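Shown below, as structure tokens, is a lone chain in the form predicted alone; questions about how it binds or moves come after it.
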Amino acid sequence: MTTATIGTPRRQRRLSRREDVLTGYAFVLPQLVGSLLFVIGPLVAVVWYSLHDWNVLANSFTYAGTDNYERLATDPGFHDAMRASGIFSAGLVVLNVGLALALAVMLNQRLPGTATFRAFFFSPVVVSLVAWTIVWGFLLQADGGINGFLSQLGIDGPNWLREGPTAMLSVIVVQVFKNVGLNMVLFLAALQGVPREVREAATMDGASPWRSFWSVTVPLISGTILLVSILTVVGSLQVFAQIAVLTQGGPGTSTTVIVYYLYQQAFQFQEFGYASAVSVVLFVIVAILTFVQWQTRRRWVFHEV
């Protein structure tokens, strides 16, 4: 057997591996280019813009260094937006996750009519967000459907979208009903994955249904709880359309969340540099919250070590 004969199979294997590598890169390339153009590129551009004073109306674009970030530290409007975002996020996470888990537990009982019940709560997820919000805007008006129903019961309903406490509550409830169906389905899938034998063993050991749920079921679906919590927190900090359609940030600044404040600075006041600084801070906040939630998973997520 000659050296050339021995080398031919090796050369063919190298060529085959090279072709596999090139094929893999070819499949990855569109995603990589898309990420560079539409994710990484805009992120870098926003950071660059945040270091400049950019006013489109005045046709000015001057380097400002960290002035925009220093302004954020002393801007009462930004502080109000942060507080409103915190209230909205806390209310949304508690109500959405709690209600979704409760609905999933009910559906997991396999009672008659559960398919209709599941479709009723999931249908808002596929409805256009703006259309959903506009309908609720009509219902929540001072002379809208909700106050009309309350008047039939002898109750004088408030002006839901024009009074501070009820305005924020109304926006939270609208958002909860819009997305609770998705989290409900995620929880339901997790509950159906819990082995029946484990629950039966807990019952045979004398555990009450409530004790069995908290000590057996919840630990086994804790991974899904973490996922739902992260998705809900991130989504709550990105809310915009509901605020723009329902309250426009009012009354006063009680519902001016950070994304709506960013929109005001960029497209109403034309301060794109300052708005870019707000978006950078929002990105950092979301990244930190996600990182903290992910790092704490080992303390309370079952099977994590």
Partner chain sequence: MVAVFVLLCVLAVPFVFPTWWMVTASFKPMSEILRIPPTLWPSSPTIEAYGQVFDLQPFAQQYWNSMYIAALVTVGTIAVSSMAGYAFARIRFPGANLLFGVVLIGLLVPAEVTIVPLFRLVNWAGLIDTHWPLIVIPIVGAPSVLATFIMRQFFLTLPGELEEAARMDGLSRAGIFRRIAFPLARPAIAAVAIFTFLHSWNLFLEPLVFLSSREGFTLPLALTQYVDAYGGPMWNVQLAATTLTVLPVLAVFLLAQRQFVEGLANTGLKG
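Here, rigid core means the biggest group of C-alpha atoms that superpose within 1.5 Å across both forms. Residue numbers count along the first chain shown, from 1. Since the structure is predicted, the reported quantities are computational estimates derived from the model, not experimental observations.
Keep in mind the form predicted together with its partner chain is missing from the figure; the text below concerns it.
S.K.: So if I measure heavy atom distances to its partner chain in the predicted complex, which of the stretches 127-135, 74-82, 201-209, 164-172 falls within 4.5 Å?
M.R.: Within 4.5 Å of the partner lies stretch 127-135.
S.K.: Give a yes/no on whether G148 approaches its partner chain to within 4.5 Å in the predicted complex, heavy atoms considered.
M.R.: G148: yes, in contact with its partner chain in the predicted complex.
S.K.: Answer for V218 alone: is it within 4.5 Å of its partner chain in the predicted complex, judged on heavy atom distances?
M.R.: It does not: once its partner chain is placed as it appears in the predicted complex, V218 has no heavy atom within 4.5 Å of it.
S.K.: Are any of the heavy atoms in L51 no more than 4.5 Å from a heavy atom of its partner chain in the predicted complex?
M.R.: Contact check for L51: no, nothing within 4.5 Å of its partner chain in the predicted complex.
S.K.: Tell me, yes or no, whether G252 is in contact with its partner chain in the predicted complex, where a contact means a heavy atom of each within 4.5 Å.
M.R.: Close contact is absent here: in the predicted complex, G252 is far from its partner chain, nothing within 4.5 Å, heavy atoms only.
S.K.: Which residues in 175-201 have a heavy atom within 4.5 Å of its partner chain in the predicted complex?
M.R.: Contacts from 175-201: F177, N179, V180, L182, V185, L186.
S.K.: Could you check whether the CA atom of Q248 moves 2 Å or more between the shown form and the other one, using the rigid core for the fit?
M.R.: Q248: C-alpha displaced by less than 2 Å between the shown form and the other one.
S.K.: Align both forms on the core first, then report whether Q31 has a C-alpha shift of 2 Å or more between the shown form and the other one.
M.R.: The answer is yes, as the C-alpha of Q31 shifts between the shown form and the other one by 2 Å or more after core alignment.
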